[in-house]
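Coming up is one lone chain in structure tokens, specifically the form predicted alone.
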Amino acid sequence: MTAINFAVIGYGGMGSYHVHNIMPNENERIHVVGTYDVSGERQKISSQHNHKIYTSLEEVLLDETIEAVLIATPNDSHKELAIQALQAGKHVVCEKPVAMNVEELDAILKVAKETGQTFMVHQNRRWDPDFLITRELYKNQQIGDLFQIESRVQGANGIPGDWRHELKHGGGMLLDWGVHLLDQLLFLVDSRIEKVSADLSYILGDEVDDGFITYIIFENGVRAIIEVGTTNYTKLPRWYLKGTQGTAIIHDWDLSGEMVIESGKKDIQAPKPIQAGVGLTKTMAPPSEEATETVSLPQAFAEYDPFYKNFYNVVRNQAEPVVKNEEVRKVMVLIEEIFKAVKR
């Protein structure tokens, strides 16, 4: 097994996270040689980890010992960096979002095809345990056929960082967190999208969105609500899933939650009216104790390899990518549709 020698372009938050938290999990397959960053401070920190410090992009691309690069820079730089790296004969891993728009992505993919180099996007949330539980429920129907999926991430800290506040760099939460949740959704639901409606939030006064909500209808009947917020002092559940035989809730990344499912018992007593505010309701009364049971969420595991193990096998053994470029393109198309839906 010959490890792939990597150079990391952009040793900021995500670049350094790859180097110290993800790549070491595949140290027989992935070897980080060095880093290049426009920040001298970041380069100094990198040097403390015995990395080779590249002083320019050209130096990285001319290093014949480097087989692949990781691009972890502001979004507006991805296209040019990826194209230059591919043309220099390097394989490329790119942080999300892959580019500013579909047109930029198509330009990258054209060069990848011409050069024969591997280009993969690090859509890492496909491995999140909460998503894997949702995927298990969707595939194996523990609450029946899922017909409504609500996926949310919410906080109260505003837009993070510096460049993420700026339109020219591809800032905003639709491109930052939305790309994750939409990638999960399209990876989950294999059906054509019929309709998209959306609203973006600008409550913090930035030139980019500080959150959004979108409602997506699929041809197979599945409805999805996707929401990202940075002004939420209390949070709604990470996942709320409605099926034909039950409902599941996953509160947060700690995987707390439960499923309430039909018990299957017969001759069940009809629910009785309850006091609701100043009136009575039978429609909104909870089902009788015999009608449902509360059970734990299922365990779930990815049946596909971790990202860098898969990347290694794509490069060395012509394996099928877990994150396919045509899937990434569909997500970027959907993001553009969401921006258009807001302007209608």
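A quick note: this is a predicted structure, and the numbers were derived from the prediction, not measured. Heads up: residue numbers just count along the shown sequence, starting at 1.
Below: the form predicted in complex with a small molecule, not depicted.
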Check for me: heavy atom within 4.5 Å of the small molecule in the predicted complex, for each of Asp130, Gln142 and Pro298, yes or no. no
Report the stretch among 234 to 242, 184 to 192, 200 to 208, 116 to 124 that approaches the small molecule in the predicted complex to within 4.5 Å, counting heavy atoms only. 116 to 124
Is Met100 part of the interface with the small molecule in the predicted complex - any heavy atom within 4.5 Å? no
May I ask you to check whether Gly89 falls inside a 4.5 Å heavy atom distance of the small molecule in the predicted complex? no
Find out whether any non-hydrogen atom of Trp163 is located within 4.5 angstroms of the small molecule in the predicted complex, and reply yes or no. yes
Proximity of Lys79 to the small molecule in the predicted complex, heavy atoms at 4.5 Å: no
The one option of Thr283, Asn50, Ser39, Thr55 with any heavy atom within 4.5 Å of the small molecule in the predicted complex is Ser39
Work out which of Ser151, Thr230, Asn75, Thr134 lies within 4.5 Å of the small molecule in the predicted complex, going by heavy atoms. Asn75
